[in-house]
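Consider the single chain below, provided in structure tokens and representing the form predicted on its own.
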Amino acid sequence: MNPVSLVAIDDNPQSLDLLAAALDGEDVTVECHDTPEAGLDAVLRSRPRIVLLDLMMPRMSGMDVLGRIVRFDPSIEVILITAHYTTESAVEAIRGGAADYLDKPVSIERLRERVRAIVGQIRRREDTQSTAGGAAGELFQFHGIVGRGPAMLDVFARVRRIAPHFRTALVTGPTGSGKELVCRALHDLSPAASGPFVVCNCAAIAETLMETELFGHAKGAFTGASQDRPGLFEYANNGTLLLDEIGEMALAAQAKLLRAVQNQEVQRVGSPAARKVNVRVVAATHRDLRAMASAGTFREDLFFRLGLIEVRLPPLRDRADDVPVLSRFFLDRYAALYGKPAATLSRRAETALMRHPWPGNVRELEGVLAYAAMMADSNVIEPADFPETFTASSPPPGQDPVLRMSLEQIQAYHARRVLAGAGGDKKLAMEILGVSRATLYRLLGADKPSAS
């Protein structure tokens, strides 16, 4: 393969000499320019894959040049370099389209490491585009996340950009799409990686207990508070706190959370003392927080604080390229877990998986293949090895029972399919269908709601 083209733009010739020397021997060709105008002309003329760009230059700032480059070709990877680093300016640069943001004096090893990572990313994209799809292609993993399609490669690239700089981040996507894995990757690639990674499931904590869980309590704060107890913010000090399902948090708790995130200090329930913390906060949700903020069910100021940087995960139905490699990954995992030989998918089984709409996303796919790996009698998985709920929801072509149903029967049939795809989670099924609990039970033909 030809070396990857790189243009360096800096008004200091000595800095350019240093950058060129640092990248000598790497898989790149370096072209240097000491004025922003000449550098921008070179970018527009030769369309390089990577640009190293000084932030502070006369007549045209690095942010101005970045904006022109992004408008010209957003696929060009731009690394901003500055002697005036702040977290806020780094976040602004990344939101503006920069791939990374390095401070001067530039660490030679850090620069090489970052350029190598981008070159590797470019090469993987080239491999993905040139490889005929299916499980025969290379299996890509990124901090435990499996994917090789363009949608997930974009997610991986965004996580790499964000992780070194974020203080707050928002990870969104449908249930079962892998949001917690992305949150963990943000922590592992951040400067806080050696610190704790603490998870708070906001949907599982009662409104009356949320403040105590997050901020702790002092001895005697309420009946049963026999000793001081730190909250999750203090447990996550010098690390990362994941607020999973943040959309389920009550408004009263959101106000106190906003203060803790903004000021990096917490106050235990029943104590007048404020305690300083150093915590990166990642929030995850399958809900549309922007719509909730507009409707008044989520604090707008908290949404803008958390959503300053957002990573969106696509549903599995939009990641068709990833179904074969995910299937291979899960079959290998569960074969090892069950002590069985590694299995492969028959052509009919693979076709059935590709045709399925996956309302439960990657989590549903894992469940189907875990069942198949356990139940299969041979090392070739057939559609008959899939659970009944899956085969019922994926009829063979020409045998679709929907064609012989009334409209009322179709509604009930679809409701059962969605519920099965959601793993029996009625709340998730209600959200997917956009119906009330009573309507769901009517569609399922239940006489009355059960305790579940």
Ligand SMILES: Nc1ncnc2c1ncn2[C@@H]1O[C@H](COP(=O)(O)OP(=O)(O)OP(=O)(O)O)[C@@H](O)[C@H]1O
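Rigid core: the largest C-alpha set superposing within 1.5 Å between the two forms. From 1 onward, residues are counted along the sequence shown. Since we're looking at a predicted model, the values are computed, not measured.
The same protein has a further form, the form predicted together with the named molecule, not shown here; the description that follows concerns it.
Here is the short version: of 248, 366, 234, 211, the single residue with a heavy atom within 4.5 Å of the named molecule in the predicted bound form is 366. This chain is drawn without the named molecule; in the predicted bound form, the residue among 177, 190, 327, 240 with a heavy atom within 4.5 Å of it is 177. Heavy atoms within 4.5 Å of the named molecule in the predicted bound form are found in one stretch of 140 to 148, 293 to 301, 337 to 345, 99 to 107, which is 140 to 148. Against the named molecule in the predicted bound form, the set 181, 362 and 433 is in full contact: each member has a heavy atom within 4.5 Å. In the core-superposed comparison between the shown form and the other one, the C-alpha atom of residue 11 has shifted by less than 2 angstroms. Distance between the C-alpha atoms of residue 292 and residue 433: longer in the predicted bound form than here (change of 3 Å or more). Cα of residue 366 to Cα of residue 435: at least 3 Å shorter in the predicted bound form than in the shown structure.
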